[in-house]
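Here we start with a single chain on its own, the form predicted alone, put down as structure tokens.
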């Protein structure tokens, strides 16, 4: 069974964290990017033909992935392709996943012997065995398989797609862009379809001025009786990083060993770009408690309940608590940070004080000095 993978990189935003990068490029967990989870899941399932669909701000993503060596994609026929359909399209206003697929139709049509397509968004992180999903899709005989997660819908979180099942496990109802109640399953934005079926339906949807995967193809097709839907329920951990609050909370939850184990090793390892750095240096007066600290850091101050990415510097007498600090940030002497997200290459001046809250962390944009 030959399978093609497609990763959508821009179909969600995280405010200031995605001003100059794609959703797929967002750093997470000290060493990783969002896209690492989709790539690792695809490659663990033997998918070696992967297209990465980006609309804008994709240079950082290209630099991170390179030729795909860390995921074994440079070794196989087909390999990795960066698809930038909006760089070539006459339409520069994004209207949905179906339009992106239509603008990248050459990739779909000339995908060799691929029979199935797995489509993954970059905002929901998981460690999922896609071979089980593919087998479920084939066994179901349905047109499309939607991967879902129970326990996410709560009546307040806005969901792209929510599905309710009947007593026989068949789809009883669907909701799009709605805060579905707790008895609905939340889509993880992972879909499996037959490639030729997808090509036909994308072209037909576009011809009918329909552009959205969830609303027009899945919900609309199901309501018209034209699309049969198989629902795969994922039992593992799924992290929805669809808001700053969720990103911040999910990042700090990695301080729990069980959460790290589930996300990074539940079915297979999650791989990322290798960057060799010297070990982290801890000064004589450094105090570090319950933190994830990447390599190359220099710590002379106090750090507690925080995530430090590579090559972060914390000067003496600085206090860092409940923070996410990305690569190459420098925190000056005597600075105090609580509930803060520092993007890459940020400089915090000596004595500065930044105090946010868990629900509203302070964000300092990439390259800024505060």
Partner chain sequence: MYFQKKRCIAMLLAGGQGSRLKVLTEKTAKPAVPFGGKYRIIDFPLSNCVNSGIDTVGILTQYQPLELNEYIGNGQPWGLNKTHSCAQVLPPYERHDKKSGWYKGTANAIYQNIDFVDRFNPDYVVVLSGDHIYKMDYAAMMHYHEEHNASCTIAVRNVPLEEASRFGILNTNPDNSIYEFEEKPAKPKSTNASMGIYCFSWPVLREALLADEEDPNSSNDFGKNIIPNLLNAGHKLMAYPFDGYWKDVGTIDSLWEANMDLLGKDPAFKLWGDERSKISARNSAMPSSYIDTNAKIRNSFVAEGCEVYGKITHSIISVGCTVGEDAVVEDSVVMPGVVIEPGAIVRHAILGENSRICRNAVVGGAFAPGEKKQISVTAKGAVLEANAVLRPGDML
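No experiment lies behind these values; they were computed from the predicted model shown. Positions refer to the first chain, counted from 1.
Beyond what is shown, the protein has a form predicted together with its partner chain; the following relates to that form.
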So in the model of the complex, is its partner chain close enough to residue 29 to count as touching (4.5 Å, heavy atoms)? yes
Report whether the minimum heavy atom distance between residue 257 and its partner chain in the model of the complex is within 4.5 Å. yes
With the cut-off set at 4.5 Å between non-hydrogen atoms, does residue 181 touch its partner chain in the model of the complex? no
Is residue 280 close enough to touch its partner chain in the model of the complex, meaning at least one heavy atom pair within 4.5 Å? yes
Please pick, from 229, 206, 175, 298, the one residue with any non-hydrogen atom lying within 4.5 angstroms of its partner chain in the model of the complex. 298
Answer option from 286, 116, 165, 199, heavy atom within 4.5 Å of its partner chain in the model of the complex: 286
Name the stretch, out of 263 to 271, 239 to 247, 150 to 158, 188 to 196, where some heavy atom lies within 4.5 Å of its partner chain in the model of the complex. 263 to 271
